[in-house]
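In the block that follows, a single chain appears as structure tokens, in the form predicted on its own.
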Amino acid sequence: MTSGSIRTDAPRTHRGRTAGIRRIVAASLALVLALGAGLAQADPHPWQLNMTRGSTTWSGEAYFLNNVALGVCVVIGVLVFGAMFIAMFRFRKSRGAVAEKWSHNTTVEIIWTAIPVIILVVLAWMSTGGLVSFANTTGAQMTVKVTGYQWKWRYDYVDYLGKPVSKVDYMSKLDALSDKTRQLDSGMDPYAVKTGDENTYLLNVDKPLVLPIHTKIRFVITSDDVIHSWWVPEFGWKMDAIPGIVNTAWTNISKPGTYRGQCAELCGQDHGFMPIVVKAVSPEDFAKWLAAQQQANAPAAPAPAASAAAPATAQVAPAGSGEHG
């Protein structure tokens, strides 16, 4: 009886352990997915796991494609590792499992070849559509030229709403407080460099790029010395600035705010001190700002001419002052 009861209870014990393992795996997976979902909706911050959703009309494309590709990878990983763990625990040698003798199965091989091909074709089709829409700068309402230098940016406003913009251009470089703090033995606290409640050490500039919202803006991007890369994460893209080559990109900012970025191409000694700041404002405020900039940079008017010319005076040599032969 004793030995018989042991043989009867053994399968139940194995089934209980297997069910327990499955529950633990399912709970762990649910926890990871919940954490990932929460982080995906958060604003950019340390330890964020997903991309930022962005604040432009196109940035959602990159966010969506990233999530689709990530989802495919997660599903494949769960299937592959799930099958592997089931095989290791359920069909292990200690349970008397015996390996099959077959080595090929035409149907299975066709299936596991066709499915990855279909997945890759779908992802390629979606990615190509996103890249084509990003490359299409037609219909732009504004053009800004961005030029990279070691180690600062130059912004030239080319046109706005079909009208050329003249004499609105400036350099944008690391702000004075961050630059002073970063100096060796400065004794200054980097955490004390703030704009409001935000720590902006090495992230602020002296003159931000001011842009209007709800406006399709074309960027023409180049460099004057080495390769740089203009990158604002909230815009959903980055573009290399290459000497002798002009690259184009576009954005349409959905909401006002301050958006920060950095040079994303190793460009020399002060590469880490080359931030980007974009200040997005309403079209009305931008029009006022642009008019003020044009007026401030306009050449000074010439002085008015005299109302009446002063009478000409001739110098007459006094009598007897000439030379005598």
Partner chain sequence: MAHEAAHDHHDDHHHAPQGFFQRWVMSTNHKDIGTLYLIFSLTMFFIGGSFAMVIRAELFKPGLQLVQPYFFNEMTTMHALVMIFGAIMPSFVGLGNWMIPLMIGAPDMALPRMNNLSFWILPFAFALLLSTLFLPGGGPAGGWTMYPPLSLQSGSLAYAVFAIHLMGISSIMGAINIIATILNMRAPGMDLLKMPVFVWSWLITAFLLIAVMPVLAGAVTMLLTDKYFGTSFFNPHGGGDPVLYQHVFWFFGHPEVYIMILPAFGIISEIIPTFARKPIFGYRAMVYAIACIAFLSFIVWAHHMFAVGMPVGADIFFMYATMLIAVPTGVKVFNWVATMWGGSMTFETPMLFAIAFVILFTIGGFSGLMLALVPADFQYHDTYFVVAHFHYVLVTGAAFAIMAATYYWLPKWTGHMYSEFWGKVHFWCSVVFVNVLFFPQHFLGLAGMPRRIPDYNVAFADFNMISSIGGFLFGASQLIFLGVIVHCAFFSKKKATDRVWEGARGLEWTLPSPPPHHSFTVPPVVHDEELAHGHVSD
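Just so it is clear, the model here is predicted, and its values are computed rather than measured. Residue numbers count along the first chain shown, from 1. For the two forms, the rigid core is made up of the largest set of C-alpha atoms that agree within 1.5 Å on superposition.
Not pictured, yet referred to below: the form predicted together with its partner chain.
- Among residues of the shown chain, residue 159 is not one whose heavy atoms approach its partner chain to within 4.5 Å in the model of the complex.
- Residue contact with its partner chain in the model of the complex: residue 208 places no heavy atom within 4.5 Å of it.
- The closest heavy atom approach of residue 148 to its partner chain in the model of the complex falls outside 4.5 Å.
- A residue is said to contact a partner when one of its heavy atoms sits within 4.5 Å of a partner heavy atom; residue 128 meets this definition for its partner chain in the model of the complex.
- Shown without its partner, this chain lists 222, 172, 200, 215 as candidates; in the model of the complex, only 200 has a non-hydrogen atom within 4.5 angstroms of its partner chain.
- With the partner omitted from this view, the residue of 293, 258, 57, 50 that lies near its partner chain in the model of the complex is 50 [heavy atom within 4.5 Å].
- Heavy atoms within 4.5 Å of its partner chain in the model of the complex are found in one stretch of 250-258, 235-243, 140-148, 163-171, which is 235-243.
- Along 100-126, these residues reach a heavy atom to within 4.5 Å of its partner chain in the model of the complex: 100, 101, 102, 103, 104, 105, 108, 109, 112, 113, 116, 117, 120, 123, 124.
- The Cα position of residue 214 differs by less than 2 Å between this form and the one not shown after fitting on the rigid core.
- Core-aligned CA deviation for residue 244 between this form and the one not shown: less than 2 Å.
- Once the rigid core is overlaid between this form and the one not shown, residue 73 does not reach a Cα shift of 2 Å, moving by less than that.
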